[in-house]
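One chain comes next, on its own, written as structure tokens: the form predicted on its own.
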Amino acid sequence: MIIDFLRLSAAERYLWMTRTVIPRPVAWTLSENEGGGFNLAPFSYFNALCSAPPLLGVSFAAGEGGGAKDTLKNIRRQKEFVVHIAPMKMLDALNESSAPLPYGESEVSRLGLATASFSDDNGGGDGDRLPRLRDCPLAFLCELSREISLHEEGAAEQFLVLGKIRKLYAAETVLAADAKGRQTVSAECADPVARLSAGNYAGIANFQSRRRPVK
């Protein structure tokens, strides 16, 4: 079967891309609303892009009505955001946070999710304005590096936000040592949510390791 993308609508391309580029990591993104409170929403057009500088990329389609989504509005204004890698045990909360709420209504408060600072697990701080979700084992504190327009002329807006990582939080429960004794993150313990098509998700299963070949 050959699918000619030049003959497809944007919506049809989206369906085929999200059905075939699988699994995808999910950027469970926290940002600060104007007037206070925290917005929280998942995005699966997302990945690590560069190490020098350390950049994450999150792609934002237009929101309802064609305007910018709340998360993108907040990032543009505050220039900061937090990307969480949610574990499968938080899948229901992650899914619920995708519900369209009026701007300013906090998904964090609505879902009763506890927060903590990047300094410790007890809510103490060192000047960072944005917190992380306390029960999420991996979180990146990012500052806006740049924003890139991706959409074709006449198509719905789509923007790629590049976030420069300032801090990484990794819970003790997901830390491990690799074969060389270096500290790393156990994928099995982190059990990250992976996005498939539509409302389908997967966790870590049938975990396998391979040594990288050498000359």
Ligand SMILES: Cc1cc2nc3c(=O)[nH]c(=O)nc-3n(C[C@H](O)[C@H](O)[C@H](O)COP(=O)(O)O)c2cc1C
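Throughout, we count residues from 1 along the sequence that is shown. Keep in mind it's a predicted model, so treat the numbers as computed, not measured.
Keep in mind the form predicted in complex with the ligand is missing from the figure; the text below concerns it.
Colleague: Decide whether P100 counts as a contact residue for the ligand in the predicted bound form under a heavy atom distance cut-off of 4.5 Å.
Modeller: P100 belongs to the contact set for the ligand.
Colleague: Taking heavy atoms and a 4.5 Å cut-off, does L141 contact the ligand in the predicted bound form?
Modeller: Taking the distances in the predicted bound form, the answer for L141 is no, it never comes within 4.5 Å of the ligand.
Colleague: Quick one: is T71 in contact with the ligand in the predicted bound form, heavy atoms, 4.5 Å cut-off?
Modeller: Yes.
Colleague: Is there a heavy atom of L94 no more than 4.5 Å from a heavy atom of the ligand in the predicted bound form?
Modeller: Contact with the ligand, yes.
Colleague: Within 4.5 Å, heavy atoms only, one stretch in 148-156, 164-172, 34-42, 181-189 touches the ligand in the predicted bound form. Which?
Modeller: Of the options, only 34-42 has residues within 4.5 Å of the partner.
Colleague: Hey, which residues along 173-212 are within 4.5 angstroms of the ligand in the predicted bound form, non-hydrogen atoms only?
Modeller: Result: R195, Y201.
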